[in-house]
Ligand code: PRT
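Before any questions on how it binds or moves, here is one chain, the form predicted alone, in structure tokens.
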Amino acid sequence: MDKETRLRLAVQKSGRLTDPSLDLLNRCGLKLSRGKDQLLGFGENMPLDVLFVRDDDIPDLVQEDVCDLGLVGLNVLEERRLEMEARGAKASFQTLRTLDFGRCRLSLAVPEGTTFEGPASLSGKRIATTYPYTLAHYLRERNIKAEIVTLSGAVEIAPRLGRADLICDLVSTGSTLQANHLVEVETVLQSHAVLIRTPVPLPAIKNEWAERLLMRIDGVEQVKESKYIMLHAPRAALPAIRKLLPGSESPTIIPLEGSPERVVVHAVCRENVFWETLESLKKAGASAVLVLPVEKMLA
């Protein structure tokens, strides 16, 4: 890697953020050359190299300028920030973008049948977690004194082993909690993927590509769930049709050749377009309705 001209981006080697991170880069136009089990991917058409590392290592790799950028979960980033603050240091990585994937939550969960009457009932309890600093911050803000049992994994079985009264762990679908007879009772942190950058100023050529990458990410993120709708309609039906187009800006109206009372409507809808929407459009007078996915868009 040429440190002066090629951007270095750290992503999770294996986990829930790996595939969405690579999909985002692919949609941004990156062609990545990477052999099986290789920890470094080479950008063939962009001066961008991808390092595949443990997610816990990403904040430090970016903060210490080993990598210019990092894609990491907010849960990991916040835990590392609070850990540094607890040790008298200050986190200096910069958050560039909040991304719409990797959504989960750090939650408190109690064994089935346990009475939970709000955060105050945590007082004096033993709470098992792999996020001790985030949990400590949550408890401190509420003036709650509880014992934090720090584990490196298998948090969900801690109550059954008698090591804790309840747990604080990441929850996505809730199936793991259910399988272990636990009930989610309180959210400590809402998490999602974020893009961070080094605090060290980038050389001009790398900074230019970083800005281009951000522009492409914005273009990809803007059109998630978006659809491009084209339809024919009577002019008289336009007010009703505008109200039915979900999350759209002002549509483009084009006269329909040979039919002065009819028009073609083009619109980008930034919300899901359901069958019910199409049926309502048809009832309002629309015809020849075509719905297409939007791959990318620059404002």
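Everything quoted here is computed from the prediction, not taken from an experiment. Numbering starts at 1 and follows the sequence shown.
Omitted here: the form predicted in complex with phosphoribosyl ATP. The next part is about that form.
Only one of Lys31, Lys243, His266, Arg54 lies close to phosphoribosyl ATP in the predicted complex, with a heavy atom inside 4.5 Å, and it is Arg54. Here is the short version: of Val171, Leu96, Leu202, Leu189, the single residue with a heavy atom within 4.5 Å of phosphoribosyl ATP in the predicted complex is Val171.
Using a 4.5 angstroms threshold between heavy atoms, Gln222 stays clear of phosphoribosyl ATP in the predicted complex.
Mapping the unseen interface onto this chain, Leu151 falls outside it, with no heavy atom inside 4.5 Å of phosphoribosyl ATP in the predicted complex.
Using a 4.5 angstroms threshold between heavy atoms, Pro159 stays clear of phosphoribosyl ATP in the predicted complex. In the predicted complex, phosphoribosyl ATP sits beyond 4.5 Å of every heavy atom of Ser287. Residues placing heavy atoms within 4.5 Å of phosphoribosyl ATP in the predicted complex fall in a single listed stretch, namely 100-108, out of 223-231, 133-141, 100-108, 78-86. In the predicted complex, the residues of 8-28 lying within 4.5 Å of phosphoribosyl ATP by at least one heavy atom are, in order, Gln12, Ser14, Gly15, Arg16, Leu17.
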